[in-house]
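Next up is one chain by itself, shown in structure tokens, the form predicted alone.
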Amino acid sequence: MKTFPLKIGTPDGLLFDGEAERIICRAITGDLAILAGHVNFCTALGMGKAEVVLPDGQRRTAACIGGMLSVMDGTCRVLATTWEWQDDIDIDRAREAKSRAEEILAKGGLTDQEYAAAEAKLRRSLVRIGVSGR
């Protein structure tokens, strides 16, 4: 299968720079896959599982939480707010964050802003837990 240059970074730095057969991730409008030869494209990323398929067929899975994806002249660039490779996810920390968010939501009496913040924390922890596979 054909490959394309892929760069994945966060505000903390470059996490991947190499060739890929495919990247699958969640955009704000739904899941998408980028393959070699994709037209120029730009979209905002949502929260969800991301997968990079390498030229040797190996799959690397990550939790992607927000950011932008662009394809320009055959090169795909992902600038993620948060990108955590599956092996790097601290499952205990994610479970603790989930519990704290659930407690905040259960107590009620929240402002709209407090509710939205707690709900976002819960969604982020659920993505990490789901991607970790543990």
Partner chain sequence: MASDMKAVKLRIKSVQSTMQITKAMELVASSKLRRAKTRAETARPYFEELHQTLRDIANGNTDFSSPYVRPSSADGTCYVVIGGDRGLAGGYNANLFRKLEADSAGEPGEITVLPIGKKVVEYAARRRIPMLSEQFAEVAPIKISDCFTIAKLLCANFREGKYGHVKLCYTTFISMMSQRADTFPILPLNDLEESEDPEHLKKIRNLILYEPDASQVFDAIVPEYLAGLIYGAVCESVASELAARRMAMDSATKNAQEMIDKLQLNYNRARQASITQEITEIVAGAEGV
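On a predicted model such as this, the values are computed, not experimentally measured, just so you know. Residue numbers count along the first chain shown, from 1.
Separately, the form predicted together with the partner chain exists; it is not shown, and the next lines address it.
Student: If contact means a heavy atom within 4.5 Å, which one of 91-99, 104-112, 55-63, 42-50 is the stretch that engages the partner chain in the model of the complex?
Tutor: Contact-bearing stretch, as computed: 42-50.
Student: Against the partner chain in the model of the complex, would G18 count as a contact residue? Criterion: heavy atoms within 4.5 Å.
Tutor: Outside the cut-off, so no.
Student: Might A33 be said to contact the partner chain in the model of the complex, defining contact as any heavy atom within 4.5 Å?
Tutor: Result no; A33 lies far from the partner chain in the model of the complex.
Student: Residue-level question: is D73 within 4.5 Å of the partner chain in the model of the complex, judged on heavy atoms?
Tutor: D73 belongs to the contact set for the partner chain.
Student: Going by heavy atoms, what in 1-29 lies within 4.5 angstroms of the partner chain in the model of the complex?
Tutor: Read in sequence order, the residues that approach the partner chain (within 4.5 Å, in the model of the complex) are K7, G9, T10, P11, D12, G13, L14, I28, T29.
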